[in-house]
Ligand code: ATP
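Heads up, the chain below is alone and in the form predicted alone; it's given as structure tokens.
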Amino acid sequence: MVSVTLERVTKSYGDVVAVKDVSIKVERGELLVILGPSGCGKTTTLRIIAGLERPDSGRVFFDEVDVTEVPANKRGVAMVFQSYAIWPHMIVYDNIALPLRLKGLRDDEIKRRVREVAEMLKIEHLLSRYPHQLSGGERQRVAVARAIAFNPKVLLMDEPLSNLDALLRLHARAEIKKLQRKLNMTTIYVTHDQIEAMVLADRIAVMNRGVIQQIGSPDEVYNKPANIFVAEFIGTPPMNLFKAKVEDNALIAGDLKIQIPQHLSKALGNLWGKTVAVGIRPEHVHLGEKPIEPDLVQLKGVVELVENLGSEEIIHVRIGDILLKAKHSGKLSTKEGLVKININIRNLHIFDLEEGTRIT
């Protein structure tokens, strides 16, 4: 188990910059999730850590040792791929054992390790089967077993659950979380699924267009997004965002007017007359009658659409030119027409419209 540090790592393919000036430190025993849309550079970053790609500039350290020039087979890392990459002509036992044989371990030690990880992942009854006789979830467990049997310094996982159906993914990610805690293994996990990231991560590194947008705990990236991209990418449904002008001590967007609360006055004091981006998460938009409170803004809107999710509904409400989504527990009594909307101004997020960065 080691810490992993990337110092100003950049990687290009021709004119395309896949990873740009990335600096991350993953602590010993930490599970860091690199989260971002397809093509953002997260897998390239993982491959650079593994030694499968060489950065154009920047350095990679395991603890204090510079491994930038160290080949992949000498870094002591194990990688679980999206495709699992298990050998179809070998039974499960041999799939797990082969890297250990290549490492030159004794047969009795190989047998002990294979049995140990198979029991840990509950696949001991599958050791004599071939991959074509396994389900997708079972193949995924074999791939993980092969990786951890190697006892790597760092475990790298590249979207290992993306080929599983929704229910199996729920079970698999819980198992990965428990396994990582049990092994206390430094783990770097890549995904485009923000729910997966929120559930698994000790910290999340949000990435877009090769650049790290924010690194923080799941609570930090959700409740204090560093910029508009993070605010929109994290959350289901994503944060409501709309443009508003700062004037008359209020945020004004057409028919919507929100008095600027005292805790925001200082931050917005030099923005009078300018337009900002205002964000509010759907769970902080409440429908129906509410007692009047100092921090509560009450508005009227028109219901345009109701998405029924069983235990809750996503209500699309229009206020003038602005469409807001609200999370509503249970069933909304009014499916169309006018509704009252309540927004707690302490839940507002304000972003600079030009730079996209968080103001408050």
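Quick caveat, the model's predicted, so the values are computed rather than measured. Residue numbers run from 1 along the displayed sequence.
One more form of this protein exists, namely the form predicted in complex with the ligand; it is left out here, but the text below deals with it.
Against the ligand in the model of the complex, the set 13, 16 and 38 is in full contact: each member has a heavy atom within 4.5 Å. The ligand is not drawn, but in the model of the complex it has a heavy atom within 4.5 Å of residue 159. Partner contacts here mean any heavy atom within 4.5 Å of the ligand in the model of the complex, and among 25 to 33, 60 to 68, 43 to 51, 311 to 319 they occur only in 43 to 51.
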